[in-house]
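Here we start with a single chain on its own, the form predicted on its own, put down as structure tokens.
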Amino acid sequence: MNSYDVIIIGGGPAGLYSAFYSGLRNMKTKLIESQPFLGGKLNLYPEKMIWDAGGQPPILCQDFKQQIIQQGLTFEPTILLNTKVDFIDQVGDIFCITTNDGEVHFSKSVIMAVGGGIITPQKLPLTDAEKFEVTNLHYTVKNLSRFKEQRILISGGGNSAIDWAVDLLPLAKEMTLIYRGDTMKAHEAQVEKLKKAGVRFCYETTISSLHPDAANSRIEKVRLSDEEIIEVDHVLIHHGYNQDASLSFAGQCTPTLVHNYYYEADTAGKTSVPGIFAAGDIASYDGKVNLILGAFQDAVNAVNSAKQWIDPQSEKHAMVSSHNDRFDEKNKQIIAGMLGMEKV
């Protein structure tokens, strides 16, 4: 039986920092992620600018994601992608984690870092809509430049849809926002900014059909529920997300839930089940902060708790990086690289 010190479920910011910090604590680590890529929700907003990371200048989300992934892989944890955890049991002191491929993974502790669960955009429920996803039907904005001088239709009335519109406003040739409700749900200041810029708003309106170009490869026109037809270059859909945090536990190791979804934890990441810890958005406790930096704090606390659960004689915290011998060789490599660049 190949057993790990900790298995981390979820490859977003909380899971990746847990992987980094558990490596720092000399723990044999495995991370299991249901998606075929790491980064969690950061993959949904690649063009967003992140301002609220302490000590980090404003940075594109896609760049921030790559830095977090690189950091998470520092101590070479075992990574499983495209693998969903279905069931967690406990036999003696070992947790047995069954995944959707039928494999069973063994660990002395578990860190739940599933965030909001497996997140997939709610797709446009129209026949043949999927084929346009490779051209001009979008559920996320990956590259702002492709929308320059384009006619854009955005469907959605929440903060994310409105934020897309604000980001694209300086680029778009023409923009229409439609929403099924009678008023936008997003922050009023953002909505007013769009209105003052002349963006057209259509309320109590949905997309009825998509009309392709002659090559049948791109959306050329969109028919709305009021029968109006709009010529478009790009269609952006933000109707929310389907979230699946479902997995089952054996009766004796089922953590207590809050609102039938989040794991009840304390500030040290401890759930109601000894040996199972929670970090990131999935953890619920007094004073919880749902920011990326809050996820890092959660990860540190969960890993330290897991370390002491496995070895009660261990230090409560890892040694700081400036004194930690795990970085000695890596520091030498970085410095050598810097000196090499200076010589060039």
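Residue numbers run from 1 along the displayed sequence. As the structure is a computational prediction, the values presented were derived from the model and not from experiment.
This next part talks about the form predicted in complex with a small molecule, which is not shown.
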By the heavy atom within 4.5 Å rule, which residue out of R218, K193, R151, K84 makes contact with the small molecule in the predicted bound form? K84
Among the candidate residues V300, I32, M27, I276, which is the single one with a non-hydrogen atom no more than 4.5 Å from the small molecule in the predicted bound form? I32
If we define contact as a non-hydrogen atom of the residue within 4.5 angstroms of the partner, is D52 a contact of the small molecule in the predicted bound form? yes
Is the gap between I9 and the small molecule in the predicted bound form 4.5 Å or less for some heavy atom pair? yes
Does at least one non-hydrogen atom of A295 fall within 4.5 angstroms of the small molecule in the predicted bound form? yes
Considering non-hydrogen atoms and a 4.5 Å limit, does the small molecule approach P255 in the predicted bound form? no
Based on heavy atom distances of at most 4.5 Å to the small molecule in the predicted bound form, which listed stretch, 69 to 77, 107 to 115, 167 to 175, 197 to 205, is the contact stretch? 107 to 115
Quick one: G23, Q308 and A318 and the small molecule in the predicted bound form, is every residue within 4.5 Å by at least one heavy atom? no
